[in-house]
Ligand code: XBP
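Only one chain is given next, in structure tokens, and it is the form predicted on its own.
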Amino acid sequence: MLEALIFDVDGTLADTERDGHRVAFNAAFKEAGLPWNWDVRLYGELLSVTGGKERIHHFARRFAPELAAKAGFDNLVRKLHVLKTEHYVQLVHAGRIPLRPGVGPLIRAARAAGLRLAIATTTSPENVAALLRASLAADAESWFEVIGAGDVVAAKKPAPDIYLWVLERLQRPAADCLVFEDSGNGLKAALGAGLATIVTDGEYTVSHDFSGALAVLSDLGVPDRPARVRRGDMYGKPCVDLELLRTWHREIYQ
């Protein structure tokens, strides 16, 4: 039976990247006195690297190698990431980053039906908490039985480690779960853990390779704005609901 839903965060729960994390990174660079600015195009390229601290390291090695080679650069990266998180949380609290279509209704329906909820992401726990509280409810963190976030595993997506970590704590096999992702790296991570995955692509990920996904959609859809199907069959439904998820799950495992 389908017992649990596992969600990625950035790009999946909300369109956080372009007008959220990117803006927060730039604010952190400015506050730290660095002449760096990640425009929309460059940030899209940098998203091939998962993890904020890892992204800064990658950028510096490419565009500021002398600074990246200095002693203490790791400390600077940690400081920048803390500043970036503070700016991101401010954006979330200001209502600048709403949930993607259909996400809130599906999570609430799953919770009401007794399905277990979990999160598997590379973003920081502070970012996850801010988004859930601002977008769902003040106690929304408690809705999720397991929250795998930040540096709880060393190897980040596309490695499957974060999903294996979540499954271990749910104490359920992969066959009892469905995953929601938005990127090629996220899909690879979930598939590597044996998890069937629904993809809702976005501005930065629409061109990714989603081979192996259970379905690829524009978003989860709402009744008056149906999801656009890139791959898969929604059986005439305008949005992803629990009945559709159970149908997809049965097709795989029964």
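Quick note: we count residues from 1 along the sequence shown, nothing fancier. Predicted model, so just to flag it, every value in this text is computed and none were measured.
Keep in mind that the form predicted together with xylulose-1,5-bisphosphate is missing from the display, and what follows is about it.
Proximity of 100, 200 and 241 to xylulose-1,5-bisphosphate in the predicted bound form is absent: no residue of the three has a non-hydrogen atom within 4.5 angstroms. Shown alone, this chain has one stretch from 105-113, 119-127, 92-100, 167-175 that lies within 4.5 Å of xylulose-1,5-bisphosphate in the predicted bound form by heavy atoms: 119-127. Not displayed here, xylulose-1,5-bisphosphate is approached by residue 55 to within 4.5 Å at the level of heavy atoms in the predicted bound form. In the predicted bound form, xylulose-1,5-bisphosphate lies farther than 4.5 Å from every heavy atom of residue 210.
Contact check for residue 81: a heavy atom falls within 4.5 Å of xylulose-1,5-bisphosphate in the predicted bound form. Looking at residue 59, you'd find every heavy atom of it more than 4.5 angstroms from xylulose-1,5-bisphosphate in the predicted bound form.
For the partner-free chain shown, just 157 of 142-170 comes within 4.5 angstroms of xylulose-1,5-bisphosphate in the predicted bound form, judged by any non-hydrogen atom.
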